[in-house]
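The chain below stands alone, shown as structure tokens; this is the form predicted alone.
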Amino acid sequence: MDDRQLVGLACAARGRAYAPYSGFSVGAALLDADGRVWQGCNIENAAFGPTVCAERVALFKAVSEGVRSFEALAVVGGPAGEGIAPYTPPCGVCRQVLREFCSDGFRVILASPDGSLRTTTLGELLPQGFGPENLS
């Protein structure tokens, strides 16, 4: 699966977002080591605290099915009913949750409305991240 295909799946997942409070819809597509893709969208809640980001939905779906090895994540976001905003990175909580299962070199792909892609790594997004190895 190439990066553009993964972004396309993130865009499709974004279309299923439930974001009545922020009005900002996010979609994610997580590629596992076996080539399967796990999609997620943000799901908001009136109490705000229980809201879950698209990246965590995708990751939790995969982990709940026994997957523990991942290659890349594409994330897109923007105002509901409009096109994507430029380069929507994962929030800090999602970065930390990804760090539980992904290495510093894990690729994160962000898209812009003009079709350009920006690829970064989890290590760049979460420098000196705290992970399972810190508890050994």
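Quick caveat, the model's predicted, so the values are computed rather than measured. Sequential numbering from 1, following the sequence displayed.
Not on display, but discussed next: the form predicted in complex with a small molecule.
In terms of contact with the small molecule in the model of the complex, the residue from 111, 102, 108, 53 that brings a heavy atom within 4.5 Å is 53.
The candidate stretches are 31-39, 79-87, 58-66, 45-53, and the one lying within 4.5 Å of the small molecule in the model of the complex by heavy atoms is 45-53. Using a 4.5 Å cutoff between non-hydrogen atoms, residue 91 counts as a contact of the small molecule in the model of the complex. Residue 116 falls outside the set of residues with a heavy atom inside 4.5 Å of the small molecule in the model of the complex. Proximity of residue 22 to the small molecule in the model of the complex: non-hydrogen atoms within 4.5 Å are present. In the model of the complex, the small molecule sits within 4.5 Å of a heavy atom belonging to residue 26.
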